[in-house]
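The chain below stands alone, shown as structure tokens; this is the form predicted alone.
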Amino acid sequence: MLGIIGGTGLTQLANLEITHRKVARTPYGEPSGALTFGRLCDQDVVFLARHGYGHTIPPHAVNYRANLWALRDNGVDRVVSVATVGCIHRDLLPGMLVVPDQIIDYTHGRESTFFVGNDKPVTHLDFTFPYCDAMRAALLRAAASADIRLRDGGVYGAVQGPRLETAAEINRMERDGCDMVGMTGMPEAYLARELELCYAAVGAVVNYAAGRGASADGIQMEEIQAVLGEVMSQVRRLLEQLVTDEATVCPLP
């Protein structure tokens, strides 16, 4: 079953026919909210708002382990993670969607593995390619079918938040090879790998990163809000196409 994790601007799926909600319990505490089960274009899906349904949980305080565990424990085997990002690369523009293929992790202090405790062995997993190729391909095909402009590939720079970045930090990230910046990409992607979930992300570009383009003199939150509604309508169209496409049935990584 497909699980959808919604970020800023996607705290609910208006096109989801809700069947029931479930308060999940996990060995790692409570997830961000109740799991919402429903039908999207006649396909079963589970939705979870990463920041809570009232958007009250900041990026560094999200219980990523509980979120992923709860989804897997309730029958989810593949996940689409939706997150807003700021664009660093000149080919990315506000209003676009992007399916990243790499990550650089700048976060710190987050619970980043399930393999902790005296009863668990030290475990190292390959993370050379952090996203599920099959799910990435399914998203790209869905975008083409729905005539949605979407960039294939890019490096997601995951920062701590909740503050926005300085222009100097964005300059450093560009030198490191980052194409976009966001606050929730890690450890979510790696935890999905530990649980053997087929996981891919959709970046919804809502602003230029600090010191770039219209954000050269500062990031204006009202400009983000102006873009957010339109870009999330594209995300909803993409998800509708995805669940009606046979390509959503992908093997585990």
Ligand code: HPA
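Bear in mind the structure is a predicted one, so any value in this text is a computation, not a measurement. Each residue number is its position in the shown sequence, starting from 1.
The next section is about a form of this same protein that is not shown, the form predicted together with hypoxanthine.
Contact with hypoxanthine in the predicted bound form, defined as a heavy atom within 4.5 Å, holds for exactly one of 49, 206, 202, 186, namely 206. Listed residues 219, 34, 40, 195 were compared with hypoxanthine in the predicted bound form; 219 is the one with a heavy atom within 4.5 Å. Interface membership of residue 165, defined by any non-hydrogen atom within 4.5 Å of hypoxanthine in the predicted bound form, is confirmed. Although the partner is absent from this view, residue 181 contacts hypoxanthine in the predicted bound form, with a non-hydrogen atom inside 4.5 angstroms.
Hypoxanthine in the predicted bound form comes within 4.5 Å of no heavy atom belonging to residue 135.
In the predicted bound form, hypoxanthine lies within 4.5 Å of some heavy atom of residue 85. In summary, the region of this chain contacting hypoxanthine in the predicted bound form, judged by heavy atoms within 4.5 Å and restricted to 156-164, 69-77, 111-119, 139-147, corresponds to 156-164.
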